[in-house]
Structures are given as structure tokens and as C-alpha cells.
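Heads up, the chain below is alone and in the form predicted alone; it's given as C-alpha cells.
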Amino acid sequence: MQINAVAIVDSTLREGEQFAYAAFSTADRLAIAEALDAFGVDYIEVTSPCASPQTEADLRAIAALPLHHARILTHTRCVLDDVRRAVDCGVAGVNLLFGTSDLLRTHSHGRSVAQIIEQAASVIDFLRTQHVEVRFSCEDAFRTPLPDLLRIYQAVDALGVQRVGIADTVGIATPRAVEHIVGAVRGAVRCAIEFHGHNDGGCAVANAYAALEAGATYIDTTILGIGERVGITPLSGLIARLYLSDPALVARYAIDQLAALDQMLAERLGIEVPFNACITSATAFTHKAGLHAKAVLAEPATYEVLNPSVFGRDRSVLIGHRLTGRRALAARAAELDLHLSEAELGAVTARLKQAADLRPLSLDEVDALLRAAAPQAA
């Protein structure tokens, strides 16, 4: 199925709070919400006000922010007292959850499918009188029998929810499984579908994309992919995948702010942006191998499927190492306004490789070798 529309539900202030190293202050939460809004996410999901007194106070403060793009949601148990408290905080929507797998029904809340539907009905009936958006999510959906999932989703769809959420809570799903389950739900309900995918099996971005292809419209993300255990779909990874499919899908987001967004959160968490983060890592647009460098210098698209300038990033070609080729050194010599013959270039390349076998060279050291080899330097 062709992807025609995507809405990002960023959960850095809910799922991200469950990351082992997260301990956001009020100032952190407000700054993150404002940065996400400036980026242009469609929704910001915040922890339930029932979590703690400060969490409730911060939710109220976030809901009162004069945001330009994002609508504020909160994530609560499917319990009347919880949702009344959530609505009182001034949120635009309430995201309900209920564990539906046999494991969660047996070891968490002990309710049958019929009892889940009955409890959901009373909560959703109340929320419909409050003029807020409602999403009902089946937690651990990919370990829930499909007939049970469809029975629950069809029941809450008939009650008038705006979205149903399909949560791969333990990261067990594969893209094919996502295609199958989301496709089955798409054929069974009229409302929109939201996908929440954990990365325990390394498939979070692929699964999110498969969900969109199968008929989901809303995808849960976090900045840097933080969350419980190894986290969920990272915002930068989803943006990269969507941009590669069709830049129009992400045209309304300020994608040139993505790297700054990741860096801001990393600093607040006291961690580094992961080296393999799509778009935003320090090495995302760095080229090293001689063959790659030669081709990229001639035509960046040879080894660069994403244009760094679109995302506010710069390209880097490393030259102080044993894999350096003469074309990369020739490009650096041109930047220094040095003119080397092919023989001189070959000789300095050989000297650099010999030196770099012992240790990488700094750019100043490479420049010194080039200047020493240039005729005008004699």
C-alpha cells in the first residue's frame, strides 16, 4: 500500500521517561516539548498525571504552553479515576492502554477479553463527553491472539475512538508480522491506526514503516529512540526512512533541526548521540575508504543517499588514515591551493599511508605532508 500520510506521536516525555537514564526536571520537560513543537511533531505524549505530583504539575504546564503544531496527549490506564484526572489537566487527548496478551491478562490485571471491553466501554463513554481525542491501545498486541485483537478493536471502534493503537511492547514483531496484523486490523475498523514498536529485536524503524505500508497513519517515536529497555522507533530513523521513500512525507517538519534535537536530549541525559543514529550521528555523513572518498568527491550521490545539507549537516572526508586514496589528498591539496603532479601526489600518498600504519594523522599533519611535497614549498 502506498504511504500517503504520516502523523508523528512523539513519546519522549512518556515512553522516554522510562529510559534507564532519564530523570527529567520540569525545565527539561518544558524545553523538550517546545523543541518537539518547533520541529513540528503532530502530537506530544506525556506521562500520566497519576505517576507523581510533579508529573501532574508538569503535564498541566505543558498543556498550557502556547504551542504552534503539537497537540498534547497523556497515556493512562483504562480506569475512570485516571482519565478524569488526565482530562482535568487540559490535554487534547487521552491514550488508553490495556494489556491483552495471555501473559498480561494472567499475570498483570487478570481480566478476560469480555471484561476488557466492558471496562473500556465505560471509560470511552466518559471521554466522549469531554471533547478530547481517544486512542485505545492493546499492549503486547503481537503476542495476543488475532481473534482477540480484532474483537477488542472492533468493539472500541464502535464506541467512537479516534484511533486504535497496535503496540509491539516487547519488540518481538517482524515487518511481515506487522504487515499481517496491521493489515487485518485495517480491514476490521474504520478509525485510524497508531503503531508503537520497541526495538528489542532491532526492527523498530522497519516495523514502523511496514505498519504505514499496511494502513497505519500514526507512528510513535522518541528522540534518540529512548524508552523502556532499548527503546522504540527513533525520530531520526523514521524521518530518514520516510524521506528516502518520499520527501513530501516529511516536508512539514523542520528536518534541519533534527541533529540539534538529538544533541539537546543527549546532553540532558548525559549520553552521546549513538554513532549509528540516522542523520544525526557525528559520522552520519563521514567518508573514509579511498574508493568511497574518490567517488563522493566526484559525485556525492554515489555513496550518499541522503543529502547532508537538507538536514543542516556537513559532509566530511577523512584523510589522515591508512585507507586514504590519492583523490582525497588531491582534493585537500586544492583546498590549500597546492598544485601536485600525479607523481608527487602518489609519493605523498605513500608517505601518509606509511605514517598512518603507526597511528592516524591529524589534519595539520596531513597538511604538512602536502606542503612539503608541493613544488612551491621547496
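When you see a residue number, it is the position in the sequence shown, counting from 1. Computed from a prediction, not measured in an experiment: that's the story for all the values here.
Same protein, other form: the form predicted together with a small molecule, not shown, and the subject of what follows.
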The one option of Leu149, Val87, Ala167, Ala210 with any heavy atom within 4.5 Å of the small molecule in the model of the complex is Ala167
Of Ala206, Val273, Cys191, Leu97, the only residue with a heavy atom within 4.5 Å of the small molecule in the model of the complex is Leu97
Assert contact_stretch over 233-241, 301-309, 183-191, 132-140 against the small molecule in the model of the complex, heavy atom within 4.5 Å, equals 132-140
Any of the heavy atoms of Glu15 lying within 4.5 Å of the small molecule in the model of the complex?
yes
